[in-house]
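One chain follows as structure tokens, the form predicted alone.
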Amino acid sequence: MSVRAALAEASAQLMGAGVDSARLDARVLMGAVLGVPPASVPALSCALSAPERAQFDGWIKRRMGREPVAYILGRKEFWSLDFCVGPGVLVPRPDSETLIEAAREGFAPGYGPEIICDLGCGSGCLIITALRLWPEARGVAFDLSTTALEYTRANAQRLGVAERLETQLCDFGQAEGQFDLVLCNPPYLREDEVADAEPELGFEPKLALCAGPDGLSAYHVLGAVLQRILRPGALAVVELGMGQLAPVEQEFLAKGLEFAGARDDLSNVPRALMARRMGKKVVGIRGPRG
């Protein structure tokens, strides 16, 4: 079968399975089979070999079952870096890149954080990206999942920051240390949002997604943790769900933190909340700015 014919057949199958991004997903999976960019796939006129066809058909069957493409391929791009992912860790999303953008704004030109913390690291996409941006910094990644920490360590090794990153197995409520920058993408979906979500979400760890009936339970814990582990004047950048800026800001203010702004994602949704522990603003250590 030709690439074009296989692509058309797979797209129709995915549409029939309710996949909104059927054509794109078929191109991405075909590109991965052939080792070419997805955009170039529709122009190919060659035939698939038997092993290529078997692999492609197997992947399409998994996608028809609504398994995320990132899990099928075992990788996902974040901040132009390639991260290994799989069951047990959240798939990195473009919205979370907003946290990195906000963190870059929090330090004076020519300076960066000395020590960075990631509360609930998952795949390690946030802490590893930050360590790549600030090559003089050290990092500590916390997660209560051994699977998540395994992915973080593997990604840190692949991306060249393993010597500067420590991992600790614990819930972020028990995190200890003193940090110049804390990054956190906590669970923030309401229970009804998870129940009504697209089937793909069912493949990802519920513990990293669901935060009680109002989606705010993690933030109640997080405010006190940040007050404890931030150095005076240090910066925390926390991901938000839809409509959560005002209640989370009030929660953090009640814990003695100082609101330092918010940044919208590409859909103009407030996605990253910035907060500081009160005190003299941290300038950071001198070095290449991220």
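For every residue, the number given is its place in the sequence shown, counted from 1. All values reported here derive from a predicted model rather than from experimental measurement.
We do not show the form predicted together with ligand GLN, though everything after this point is about it.
- Every residue of the trio Leu90, Arg93 and Leu201 has some heavy atom no more than 4.5 Å from ligand GLN in the predicted complex.
- In the predicted complex, Ala208 approaches ligand GLN with a heavy atom inside 4.5 Å.
- By the criterion of a heavy atom within 4.5 Å, Leu189 is counted among the residues contacting ligand GLN in the predicted complex.
- Although the partner is absent here, Ser123 is not a contact residue: none of its heavy atoms lies within 4.5 angstroms of ligand GLN in the predicted complex.
- Not displayed here, ligand GLN is kept clear of Asn155 by more than 4.5 Å at the level of heavy atoms in the predicted complex.
- Contact annotation: ligand GLN lies within 4.5 Å of heavy atoms from the stretch 179-187 in the predicted complex, the single such stretch among 72-80, 179-187, 105-113, 125-133.
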